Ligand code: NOJ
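Okay, here we've got a single chain as structure tokens, the form predicted alone, with questions on binding and movement later.
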């Protein structure tokens, strides 16, 4: 199924008419120069604005004092104060001052398109567009377009630089001047940027004035309760953006540099990624936004019916809790015998895939610091990929492949084609990639043969990840990237990029010291998850692992605090709250077999949805999300809370009119508590109707998962 527009009004193709517009602009350039002093000086600045289709959001763009700037308001409240725009180049004059607005183009687009998989099948894209052309009033003749799209759920804007005399073919961007003046009194939820562990940090909640350099998405709540999330969309052939603190509450785009200090290496013409600001009057409104997806290009792969959402199990958690090892030097997990055990379990319980980590040569020794050890075509003697590929397919299951690079990208790229060919030949339709390495320790070999070290979110890695996705697509393989560049909605353009990591996942509960705190998932829903699906790997049922003896004494964890800080019901709720089309049941088969009544929800819950709606929530406190299965009539609900027990009222008016439902509940028992009594769960069912309101009691770090099963009249 392709990403296709299914309805459209007021269509205008600006890109086809760009050359005609530019001819006119060149003719009036001389007039623009002559009058730029008037526009920027005593006669006042040139100012233009655009509003969202519903009118709540307004963007104002100006050239006051010869500088490009914008501001944003929501329901009359200024949420982004006047903020600078522009770019600086290493070898050319930039767009920082002596600028004047010389042309403006406006249009409206209202269309819907269909996702081949996703949180919802039909996505509406309705926006008013304002394309503002700035030209220089001094120095070499140069121009840029800043294109704004104003949706009901936020704005996106990007820089478009045409081929021009002032910019030679090779362009080196050394700085992006984009600012976001949020104000120091807003509340922020954020993780630091430029640190060794990429995006894998516990979130901080502070006044915006106390935020230092931060990754995006970053979420703010103003003093009046307006919620904002700053991020980017369509990150292609550019460096990833974080936020650099300028003054308290005022931030600037910080582009991750190449090893030589240049931020972006490109050629004119070029376009930047979209800078995005999602805006809502409450926290749940951020989750319901489709802004990031709508700012990406349509499906570029054509027929992607081979991309299959689904749930999987895997030889993975056993290594994290040190029951097994990745390498062949302790208790090897990835053996033919053990993999068959997981395949049998998957087939019995309706899972589509079995992830196998540690099957290939390279895991013995110091693999963390020596990615050159890895071979992506040679297996350990106790693992037979050909036999297992055939065995899995005979059971209606597929092996999910794994490529850990340890940050040595040159070694990986030299074997990429052969590695994917091997997987394709053995029926592997999805591959998990990994880049475990310090943030500045991605290795590559430069053209002169010298080693260079690049950032995980720099342009080199942005290009690398897309190269991997395209090579995988040639073989009808989907990609689940870990230690990735952040999600910016490219799954729309390349639907085989199904999911990724990009935050602290479940594995930190095995060895994180500290593990993820109780509020972690209630923050992720309003921060990391706004960018796209996450392979969080939920479903851990062994919530008190230190109460059971290890297989080997020398593999025992030393810190007993490393455990999931949730109840059992909250683990189930994660399957609805934290979306991924490739969703893992992460625990060991034997732990599920001990609690088959609760495991039933994991077996039932889909990984692909017709519709999704966030019903309520506050960042870092609680959230409730309902989703309707694609190709069926059932709805599913997940609700979870932080360390504070609470009762949530949930109106059921999202259920379809004219249908009857039986609700199957999996919720915390009256004495449940993540720390002292995590297993107490109530499982029952009763009829419900769309005109009633549920009351869901949640324990400390607890949750509730509900299946609304449609019944025939």
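Residue numbers count along the first chain shown, from 1. None of the values given here were measured: they were computed from a predicted structure.
Separately, the form predicted in complex with the named molecule exists; it is not shown, and the next lines address it.
Taken together, the three residues 175, 258 and 461 lack any non-hydrogen atom within 4.5 angstroms of the named molecule in the model of the complex. Contact annotation: residue 316 falls within 4.5 Å of the named molecule in the model of the complex, judged by heavy atom distances.
Using a 4.5 angstroms threshold between heavy atoms, residue 629 stays clear of the named molecule in the model of the complex. When the named molecule is considered in the model of the complex, residue 320 lines it closely, a heavy atom lying within 4.5 Å. Proximity of residue 501 to the named molecule in the model of the complex: non-hydrogen atoms within 4.5 Å are present. Note that among 478-486, 518-526, 123-131, 77-85, the stretch whose heavy atoms approach the named molecule to within 4.5 Å in the model of the complex is 478-486. This chain is drawn without the named molecule; in the model of the complex, the residue among 189, 326, 420, 599 with a heavy atom within 4.5 Å of it is 326. Just one of 363, 159, 95, 376 comes within 4.5 Å of the named molecule in the model of the complex, counting any heavy atom, and that one is 363.
Residues of 357-376 placing a heavy atom within 4.5 Å of the named molecule in the model of the complex, in sequence order: 357, 363, 367.
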